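Just the one chain here, laid out as structure tokens, in the form predicted alone.
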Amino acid sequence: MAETYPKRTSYWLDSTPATNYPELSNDLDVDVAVIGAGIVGLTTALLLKRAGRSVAVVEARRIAAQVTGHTTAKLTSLHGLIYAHLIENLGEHRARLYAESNQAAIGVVETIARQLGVDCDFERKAAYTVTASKEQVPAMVAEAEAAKRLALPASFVTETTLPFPVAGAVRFDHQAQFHPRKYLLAIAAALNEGGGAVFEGTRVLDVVEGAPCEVKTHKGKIRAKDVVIATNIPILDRGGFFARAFPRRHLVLGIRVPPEQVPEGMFLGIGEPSFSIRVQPTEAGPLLIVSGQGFRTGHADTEAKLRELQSFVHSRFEVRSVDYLWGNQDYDAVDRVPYVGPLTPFSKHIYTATGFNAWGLSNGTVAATIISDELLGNHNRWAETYRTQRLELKTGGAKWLRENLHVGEMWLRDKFHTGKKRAIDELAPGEADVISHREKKMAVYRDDEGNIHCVSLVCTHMGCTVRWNKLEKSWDCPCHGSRFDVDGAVLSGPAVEDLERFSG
């Protein structure tokens, strides 16, 4: 299905101004250094600054332009069919704390937006988990009952405002949606007032824990009593999170449809097909933000995944235009609960948060409250549920073993892949391949202008072999989700070093 996409970027980035915070230019001393300027990092920094701590936020690229800048922007405690699962596997007490914390996160965002006086399109909406399958209706009913037991605003319904039928749905009332980048740009501005410090284009290479801790960047050092690593997946491997949280990408379309087909609410479809839908008000009218089924980074034919998403939207809606196309990446914790807290069992001054299972706006806000409370010496009743040093074998042991065996199998298999015996000159414009050249295996791409880009196949994180992502024109690591552009520059971690470059 041939379509053109006027804007290959997220709506959130396109509808807000580019930022221009300075790079770190000299060594710095602060109370807390925060690495990563998404919703976790910036919210944590704001809460700490309000409590009187001096804070520096460092971002390798641009603030609110990575995961948070590419989200579908649902702020809700409705996370698919999770509460019956949590009650059965973690017990009702911990399930209640998970529900309570995510419900509270909606109010935290609403309060901060009001305090900052930012118009971030915050709206209270109902959220739905829907299915087209009658066989899944009993699970929907059970989920609604489980959520009500946990004091969530849940009900089971058989009708929604979607312009296509559903067999059943779980509805949560009084949830929210907002413009995450408008919100986070306001937080960044508040952090920079009166001595705050936000730095862009500053990649952290290492953190040495001590008294104080030392954050090493390619631009200088930051000394801090405490460090918060808020980088989607931690850039430090000491906690082993790369083996406990697994990367998943999904594609997103921004489409225009007739007014009578614009639904009211936010929707998550489970089963086949899996999808997410919400409506964003814009000057040009309602924009439907639709994402498709997630897929393991580095494993899927991304163009085929786009065709699946195109097929879904055209079969359910009268699509007048497709205005946006973008992708995003999340990490799934093995037991479906994020990891929030100390980086390792021995860490006293380095904290992290990861594994948000595609619900980073609510869970990320929860993480910010937990970490800021920990650093301020305040008790947080949710912290134990999210603690980093746990391995729930009953809930996630089988997945943990399966995923890590798969990573090991890929690592070994790819090491014996010899690369294609073809000349670099044989590559057509827009084509990429693994080529053996001058006794080296190289990842080679010829751009549309005919220029050749040659980089190493070996991911700088743990040595896995990267794979070509044709749709997004990147080299993606299928093991732990690091991504690199055609010239080998890191797009997202856990890798912090670029791929080696070769001459063609």
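In this text, residue numbers run from 1 along the sequence as written. Keep in mind that what you see is a predicted model, and the values were worked out from it rather than measured.
This protein has a second form, the form predicted together with a small molecule, left out of what is shown; the following refers to that one.
The putative spot formed by 85, 298 and 336 is not touched by the small molecule in the predicted bound form; no residue has a non-hydrogen atom within 4.5 angstroms of it. Look at 116 to 124, 341 to 349, 321 to 329, 167 to 175: in the predicted bound form, residues with non-hydrogen atoms within 4.5 angstroms of the small molecule sit in 321 to 329.
Contact with the small molecule in the predicted bound form, judged by any heavy atom within 4.5 Å, is made by just one of 317, 241, 382, 359: 359. Just one of 227, 230, 105, 222 comes within 4.5 Å of the small molecule in the predicted bound form, counting any heavy atom, and that one is 230. In the predicted bound form, residue 496 approaches the small molecule with a heavy atom inside 4.5 Å. Using a 4.5 angstroms limit between non-hydrogen atoms, residue 250 touches the small molecule in the predicted bound form. At the 4.5 Å threshold, heavy atoms of residue 130 stay clear of the small molecule in the predicted bound form, well away from it. Contact between residue 37 and the small molecule in the predicted bound form is found at the 4.5 Å heavy atom cutoff.
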